[in-house]
Structures are given as C-alpha cells and as structure tokens.
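We've got the same protein chain twice here, in two forms, each standing alone as structure tokens: structure 1 and structure 2.
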Structure 1
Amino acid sequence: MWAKCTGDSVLVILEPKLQKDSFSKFFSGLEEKGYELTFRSPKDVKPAVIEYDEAKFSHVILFAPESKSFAQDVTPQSLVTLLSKHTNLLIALSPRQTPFTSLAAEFSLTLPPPGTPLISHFPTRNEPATVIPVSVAPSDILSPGLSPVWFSGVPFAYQNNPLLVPILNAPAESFASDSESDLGADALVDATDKGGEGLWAGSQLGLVAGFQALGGARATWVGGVELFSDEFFQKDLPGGGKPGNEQFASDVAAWTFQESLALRIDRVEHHRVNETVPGQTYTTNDQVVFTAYISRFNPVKSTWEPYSGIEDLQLEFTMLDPHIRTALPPVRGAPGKYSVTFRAPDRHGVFKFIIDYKRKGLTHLHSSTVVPLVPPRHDGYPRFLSAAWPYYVGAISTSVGFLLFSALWLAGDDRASAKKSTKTE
C-alpha cells in the first residue's frame, strides 16, 4: 500500500448520469496507486466533505459537470474552504452552466457563454467536430512524449494570475461556438464581435489548467469529463495509434493529488560562521551561515527524498526591503542541502531570512525566520584605535603633567617661598 503525500482518501462526487463503469480505468488506476475512493452523488448528504470544520477527505474529484443542484455541503464556497484546508480538487466542467461555472471565475478562468463547446474541424476524422484530438505540449507535469489526447468539452480563457498552471491548451485551429454547422461561420464572427469578446478561438484557450493555491493545495480544472472516460482512453487517433489519454489522466491526477512536483522545506538552520548553535540574535556585520534542507516527494517509493535539483533558489535577508538577496545554491555531496554564507548588513533591526520560491507547477516553497540583528555590545567595539591616539596622548600628558606639577609644587614650595621672601626682604 502506498501512503500518499497528503493522504489517500478520495471523494468522488459523480453525477448519476455518468456511469461509474465508464470511468473504470481511471478510477482503478487511482486505486492501484493506493487511493481509497469513496463515491457519492451530488445530491447525497453523506459523506459530507467538511465535518466539524475539518476536511474529511484528502482529495475531492468533482465529476458532476452537468448537475445543477448539489447537497448543501457542496457549494463553490465550500470548495474554496476545502482548498484552504489543504484538500486537492479535480473539477470537470461542461458547456452547460452549473453552480461551478461561476467558481471557475474565482480561479481566474473565464468560461465562454453557456452552450458553446470547443469545436475543431481539423484534422479530418469520423468523430463529430466537438470531439477533438489535442496534441500535448511538453510540460513538467506530464510524462514526456505523450500522444495527442481526445478532448470534448468547453474551453476557457486564462486571466492574468500567476497561480494558474496551464496543462493543456486548445489546438490553434479550434474555436468555441454554439453552432456546430460550418454554414454559420460568418454569423458566428458577427455574433462574437457583437458580444465584444472577440472570437473564442486559438491556442490561447485552455482545456486543462492546474491551480496552485497559496495554502499549498492544488486544484485542476478540466474542460470536459470525457477526457477521463474509458471510451476516450481507447479511441484510436485519426492518424491511427493509441491516444495519450490514459497516461495524461494519470499524470494530471498525480499532479493534482500532490504526487508529482511536490517539494517541501524540511528545516532551515542559521548560525554564525564557525559555530553550530543557532544564534538568538546576530550582531551587525556578523558572518552568517544559512542552510535549508529541501525534499521532494517520490511517488514510487512514496517517501520524501532529499532534493538538490533546484538551481535558482534565492535567499533574502529582509527588513521591510531585502537588504541582501543572494543565491542559495545546493551543496555538493550533501543531497537536499542548500547553504550560503553572507555578511549581515551594517544595520540593526528585526530581519527575516526569507525563502520564497514560486515556480509554475512546483509546490511553492516559503520559509520565513525572524531574527533580530543587534548593534555590538558595549564591550564589543574595537579598543585602542589608532585614530584615537591624540586623545590617549592628551589624557596621558595631562595626567603626567598634573603629577609633575603636584610633585614640583609640593617639593619646591618651601625653597621657593623662602627664596621669594629673602628676595623681597
């Protein structure tokens, strides 16, 4: 049994219209990986997704693209709450408008008007124009060298959100329209122009998009649920050959459920050079060593393994603004260890060691360690400065002069007064 990175309980909310059997390959693939699947229909009350303010499942698959009514515990708001509780979501859409159409907008995805599926007439094939083979662009999330995948459903436009991770984009010659006939092409252009939205067309449209939420959870939006169906898994491509759907679905699920590209910072350490104990405070201009240990989840062994593959990691030493921003390179020979030595700035204050590593597809790495940077102690300043010699000489000469004067005064008083008195007399 494989223990998963964030847990292995999966709730599948499956529309009654969709047969569980028609997705058997996808589901059994998940079960083979060790996930425990629980099925419920959208209107079922049990099992609840959130109970006593706690998420009951580690992952939720929402395959209800056409349902309009859900049980009370499944709302757009509750799904966002799930994300905040580190539950991963896999959500399928369809051209029909459902409560979750509006949710997509919250994830910075814009859906076309209801009832406008993606249409493409290329390449020439027997299937209807809405069933499209889409070639897969290489991505870290997906296995390399995937064959094109069958897709049928609704495209969406990406808004400007750095948290979005496009996984599959529409073919360049595809477009979204409510009419499937070729005759209405001009009418289509007219209509879209009137809408002021331009033409829903081209490779800028997304079909499958991941979303890396700030809390660490992941959500994946899929334009059509058929992509995961047994039928699409097996349907031959127009040019012959197996489609990549099965592997694609498995990869997408793996990414969504945080099997692949999951990183974490195990711990961070900081101390002065030549010391090992972390300092409570540092003094300005100290040489400070900062070390971070980073692991990556290995889905095969389902363990966290030290990971030294990040080359562009940076460390910031920040008080309001970064006073120091430096590369945090991996240490050779020590897997997973990233370390840097730097001189603390000549400015006291409350500083933070910050690692903020956000890359598309990868788990965001964020670590912030607060440490006060203090001025030197009263006895920590250098003594006997060469620049202060005038003062030393002044002090010493005054002391010596005083001693000499006192000695002369005391010793010479009698005679001097005697002389004086004799002279005056």
Structure 2
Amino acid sequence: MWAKCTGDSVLVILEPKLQKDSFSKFFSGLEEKGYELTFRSPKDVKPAVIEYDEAKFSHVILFAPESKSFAQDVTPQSLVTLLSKHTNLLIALSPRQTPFTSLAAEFSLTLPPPGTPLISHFPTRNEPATVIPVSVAPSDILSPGLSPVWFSGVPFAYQNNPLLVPILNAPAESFASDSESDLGADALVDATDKGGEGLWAGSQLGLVAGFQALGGARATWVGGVELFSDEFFQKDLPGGGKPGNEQFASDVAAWTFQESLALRIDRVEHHRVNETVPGQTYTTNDQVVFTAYISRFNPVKSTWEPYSGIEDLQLEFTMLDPHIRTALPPVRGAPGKYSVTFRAPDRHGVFKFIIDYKRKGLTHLHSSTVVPLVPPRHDGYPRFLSAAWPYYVGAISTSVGFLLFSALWLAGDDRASAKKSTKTE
C-alpha cells in the first residue's frame, strides 16, 4: 500500500450515463494504492464535498464531462474554494458546453468553440478521426518510455501562466473541427476563416495540463474522459502493441494527488560564521551562514526523504528589494542540506531570508524568516582605519606643530622678559 502525503479520501463524481465498470482498471489501480473511493452523481447532495466550511475529501475526480447541472456543492466557485482548502482536483472535459468549460479559463486554458473535437487523419487506422494515438513527450511527471496513448476529446490553448504544467500536447498534424464527420482538407480551410477565430491546430494545443496552485493544491484538466477508460487501456495501437494509457493515467493521478514531485522545506537555520546559535540580530558586514533542509515524499516507503536534487535553488536577503541574491547549493555528503555563507550588506533595517522556488511540476517551496540588521555599537567600530592614515598623519602633524609653536612662543617671551629685567638693574 502506498501512503499519501495529503490524504487518501477521494470523491468520484461520475456522470450517470458513464458506467463505473468502464473505468474499472483506473479505479482499482487507485484502490490498490490505498485510496478510499466514494462515488456520487453530479446532482446528488450527499456526501457533501464541503461541510461546515471544511473540505471532507482530500481529492475530487470529476468525470461528468457533459453534465450541465450540478448540486450546490459542486459548482465552479466551490471547486476553486476546494483548491484553497488544499483539495486536489482531476477534471475531465468534453467538446460540449458545460459550466466547467468557462471555469477552465480561470486556470489559463482557452477552449475552442463548443462542438469542435480534436481530429487527426494520421497515422492511418481503422478508428474514427476523433480517436487519436498521441505520442508522449518525456516529462518528470510521467514514467520514461511510455507508448503513445489513445485520446478522444477537446483540445485547449495555453495562456501565459507560470503555474500551468503541460503534460500532454496534441499531435502536430491534428486540428479541432466543428464536424466529427470531417471530410478532409476543406474542413481545415473552413476552420481558418470561420468567425475569425483562426485555426485550432498543431502541437501547441494541450490535451492534458496540470495547474500548481500557490497554496500547494493541484488541479489537472483532461480533454476527454475516455483516456481513462478500460477500452482505451486495452485498444491496440495502429502499429501493434499496447498503448500507454494505463500507466499514463496512473502517473497523472499520482501527480495530481501529490504522490510524485512533492517537496517540502523541513526547517531553516541561520547563524554567524563560527557560531551555532541563531542570531537575534545581525550586524552590518557580518558573515552569515544560512542552511535549509529539504525533503521529498516517497509514496512507496511512506516517508519524507532528504532530497539534494535541486541544482538551481536561490536565497534572497531582502528589505523591500533583494540586497543579496545568491545560489543555495546542496552540501556534498549531507542529503537534503543546502547551505551558503554571505556577507551581510552595509545597510541596517529589517531583512528577510527568503526561499521562493517555483518550477513546473514540483511543489512550490517558500520560506520567509525575518531578522533585524543593525549598525555596530559605539565600541564595535575599529579604532583605526587603514584608509584614514592620511587624516591621522595630518591631525598628528598639526598637533605636534601646535605644541612646538606654543613651546617656542612661550620660551621666546621668557627670554625677552629676562633681557628687560637685566637692563633695569
């Protein structure tokens, strides 16, 4: 049994006309990992997704691609609320217009007009043009060496959002058409001119995409629910061989439910060089050591393990704007430990040690530690500065000259008085 770092309760909202047995392999695969699946239809009220302003499930699978009416607790607004409560979402779409079609735009995904499924005539096959074998590009989310997967559904265009995580893109020769009985190149020409919408075609279109929320929750959008079906799991590829749908679906669910690529910062430490106790305050120009300990979740062993695989981690020492931005490299021989030594800037104020690491597919790492940076005390300044020796010499020579002048002037006055008294006698 695999353990989960965010919980094992899963609510599956299944459209009535979709048979549970049609997705038996996918659901049984989740149960073998230890997930507890609860099923309900879109219009059912119980079990509630949110009750007393608290999420009742750790994950929600929404396999209702054509339903247009849902219970009050399953609305676009409630799903957004679920993400803020750290509940992960797996949502399947379809070419039909539904309430969740507009919700996709909130996740920076633009869908084509309703009724425009993805179509491709390559490679040659006996299946309809809307049932497409799609090659899988290498990704940290997916298992290496996956075979092409069968897909049928709607594509979407990516907007410019760093939180989006593309997982599966459309084939280069595919396009979205408003007719499932596509007759050839004429449909392509019509698509370029119709309504001024342009051509929905090529590998820039997405079929499966993830969204990594700032709070840590994940949402995955899939253009067609058939990708998870037993039929597509077992359908032979045009050139022969088993498709990669089963492993692909398992990998997508593992990422969505935060089994894979889940990181966390266990703790951070900071102190002066040659010290071990964290400083309550630091003085300008102090040599400061900052250390972070990072771990990665291993679902097989049910543990968080030290992780030293981040090569581009950075630390910022900031007051409003970063005064210092430096690499925070892993320490050799110390798994999970990242450390750097730097000189505090010659600027006093309230500073922060900040780690803000965002990479596609990985859990966002954020840490902020406030420390005061003060100027030296009155007895903390050096007594003599090498750069000030010209001023020291000037001051000393002036003082010596003044003393000599005073001595000579006083001595000269005594001699004049002595001469005057001698003449008087």
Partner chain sequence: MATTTAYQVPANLSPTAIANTSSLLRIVALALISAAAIASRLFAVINFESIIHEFDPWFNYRATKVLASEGFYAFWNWFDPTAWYPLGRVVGGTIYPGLMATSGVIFYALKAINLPVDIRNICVLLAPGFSALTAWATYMFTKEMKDESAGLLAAAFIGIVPGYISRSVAGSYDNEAIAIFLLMFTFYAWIKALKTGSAFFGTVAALFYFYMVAAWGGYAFITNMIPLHALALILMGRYSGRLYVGYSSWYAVGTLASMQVPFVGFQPVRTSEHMAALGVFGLLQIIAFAELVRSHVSSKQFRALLFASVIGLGLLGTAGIVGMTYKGWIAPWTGRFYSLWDTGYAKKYIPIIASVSEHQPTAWPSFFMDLQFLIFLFPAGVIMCFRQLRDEHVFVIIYAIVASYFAGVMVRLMLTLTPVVCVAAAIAFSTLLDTYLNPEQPEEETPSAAVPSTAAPSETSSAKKGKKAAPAPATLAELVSNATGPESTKRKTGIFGLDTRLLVILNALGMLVFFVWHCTWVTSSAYSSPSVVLASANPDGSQHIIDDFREAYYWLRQNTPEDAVVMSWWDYGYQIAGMADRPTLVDNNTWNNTHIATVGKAMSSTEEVAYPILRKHDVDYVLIIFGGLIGYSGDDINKFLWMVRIAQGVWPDEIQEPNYFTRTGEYKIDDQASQTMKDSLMYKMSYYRFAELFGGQQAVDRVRGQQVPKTGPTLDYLDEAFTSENWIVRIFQVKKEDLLGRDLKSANSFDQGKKKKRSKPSSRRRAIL
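Numbers follow structure 1, counted from its first residue as 1. So that the term is clear: the rigid core is the largest set of C-alpha atoms that superpose within 1.5 Å between two forms. Everything numeric in this text was worked out from a predicted model, so none of it was measured.
Note on provenance: structure 1 matches the form predicted in complex with the partner chain.
G394: CA moves 2 Å or more between structure 1 and structure 2 after rigid-core fitting. Rigid-body analysis of C-alpha superpositions between structure 1 and structure 2 gives a rotation of the smaller part of 21 degrees.
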